[in-house]
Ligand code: UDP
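Quick setup: one chain, the form predicted alone, written in structure tokens, and binding and motion questions come after.
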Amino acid sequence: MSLRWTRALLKISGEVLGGKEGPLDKGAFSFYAGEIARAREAGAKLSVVVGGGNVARGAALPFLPQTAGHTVGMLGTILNGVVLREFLLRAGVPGLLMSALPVPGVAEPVDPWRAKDALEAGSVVIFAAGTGDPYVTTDTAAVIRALSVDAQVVLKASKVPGIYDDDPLINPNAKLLPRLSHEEYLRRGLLVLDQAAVAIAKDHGLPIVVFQAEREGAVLTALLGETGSLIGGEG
């Protein structure tokens, strides 16, 4: 098995981590820990950025000032990071949790050099709390963290097979776009990832794969370059 990318950052949104068992869904965390373990066994060095929408989303807290709301959302990602680390450990995968809002004894401060050392040693590095700043999405954090650890690609876990030219949940005739450049994504004004994230990726030639993650083996298939929509990339 020859992976197209051997060093990747996986972005897992909060919406896929919640479920029938509540905001912190045991089944979802177990599933993604297994997916990460499988990719690691295939030779991938993986880091992960977790969202927090299953716990708290700043935009859904209109009774708070926006800065406070975004901060609550960032704290939610730390909860997800703690839980994901525990499920990785259960799967036999060492995990290092780093946070832009460090919590002594729980999550270390973000340190790209230590993160790269941990990846080389076989650990999965989990980045929480986004960039630590309000008004910045975890998609943008994912691109920044990917660049900081020399990842070759960002894999964005999604509930749909990839990027469409329209919302497939509203328009049944929406067409899947299997490949597009960063420039085309920005020109079309697509919203699967925020524009800032894609603009930064464009400036640094970092490809992004948007793929349907709920199918078993999907992370590994994305690393093989066999599924999802690819933004940028060679060939």
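Note that this is a predicted model, so its numbers are computed, not measured. Counting begins at 1, following the sequence as shown.
One more form of this protein, predicted in complex with this ligand, exists but is not displayed; see below.
- Proximity of Ser13, Gly53 and Val136 to this ligand in the predicted complex is complete: all three residues have a non-hydrogen atom within 4.5 angstroms.
- A residue is said to contact a partner when one of its heavy atoms sits within 4.5 Å of a partner heavy atom; Arg57 meets this definition for this ligand in the predicted complex.
- Contact check for Gly162: no non-hydrogen atom falls within 4.5 Å of this ligand in the predicted complex.
- Among heavy atoms of Gln152, none comes within 4.5 Å of this ligand in the predicted complex.
- Residue contact check for Lys45: none of its heavy atoms lie within 4.5 Å of this ligand in the predicted complex.
- Segments offered: 166-174, 34-42, 66-74, 205-213. Contacting this ligand in the predicted complex at heavy atom distances within 4.5 Å is 66-74.
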